[in-house]
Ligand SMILES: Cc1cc2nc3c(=O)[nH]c(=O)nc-3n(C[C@H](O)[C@H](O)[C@H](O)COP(=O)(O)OP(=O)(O)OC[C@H]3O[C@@H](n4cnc5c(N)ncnc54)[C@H](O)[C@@H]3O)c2cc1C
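First comes one chain, alone, set out as structure tokens in the form predicted on its own.
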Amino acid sequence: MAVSNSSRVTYEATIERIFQHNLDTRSFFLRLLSDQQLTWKAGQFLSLLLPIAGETLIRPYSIASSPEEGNLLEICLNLVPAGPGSHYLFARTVGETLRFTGPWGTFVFDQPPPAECVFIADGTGIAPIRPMIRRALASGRQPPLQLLYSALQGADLLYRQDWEAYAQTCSWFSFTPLLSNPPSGWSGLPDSLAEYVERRYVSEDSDRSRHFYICGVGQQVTQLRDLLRRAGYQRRAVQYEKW
């Protein structure tokens, strides 16, 4: 996730609520000051300006809420052992103020394409994809929407109840969870994320009209990008955000 150094307005927001997803993952709900307005596209991120050890560290965090929610912004992150930014935020409490610039980023979902969309998320990579899916569902589009979500264990599948509810109420949306450390009796898919993508969207299917939106941590993201593009999917149809 690249952070621009361009000059931008600095915003201030109050931490209105903190939600604990699991032991090391939290959502922070930030309320903009009443005289400020922020316009963004689903998938973009904020650059938080964090006062740490006498310096201002800039740390990017994707917006997990939808643009339609107005001045209440949600960012979702996990606690990184050697990450000063996440440690600083995890020490914050309701009522404190954070400063940031933005929105930033070209990993966006503005106008749904007229083809099947496959959203691929790993861990907290679901954050920018969440408003993308909500935007697509709100448009009432009929081409299929697929969410392929990989996590270490079931507790790490963030917003899982939402995905399961959407799958029940929207016939064109499907949710496929994959766990790298599944519990005994796990009935989900046993494949790794890369194995499943290659099998499902390359080896067993010749359709190359799909659009992909991929977000996660590390080399897995670019490996999936290269796999799909080499298989014949259009370059612009494989969008990604790597953390």
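As the structure is a computational prediction, the values presented were derived from the model and not from experiment. In this text, residue numbers run from 1 along the sequence as written.
Beyond what is shown, the protein has a form predicted in complex with the named molecule; the following relates to that form.
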query	finding
Joint contact, Pro114, Ser174 and His211 to the named molecule in the predicted complex, by non-hydrogen atom at 4.5 Å	no
Per-stretch contact check against the named molecule in the predicted complex, the hit in 146 to 154, 165 to 173, 130 to 138, 80 to 88 (non-hydrogen atom, 4.5 angstroms)	80 to 88
Single option in Val217, Leu32, Leu49, Val202 placed near the named molecule in the predicted complex, where near means a heavy atom within 4.5 Å	Val217
Contact test in the predicted complex: Val118 vs the named molecule, heavy atoms, 4.5 Å	no
Cys76 within 4.5 Å of the named molecule in the predicted complex, heavy atoms	yes
Interface residues of 51 to 74 toward the named molecule, as seen in the predicted complex [heavy atoms, 4.5 Å]	Arg59, Pro60, Tyr61, Ser62
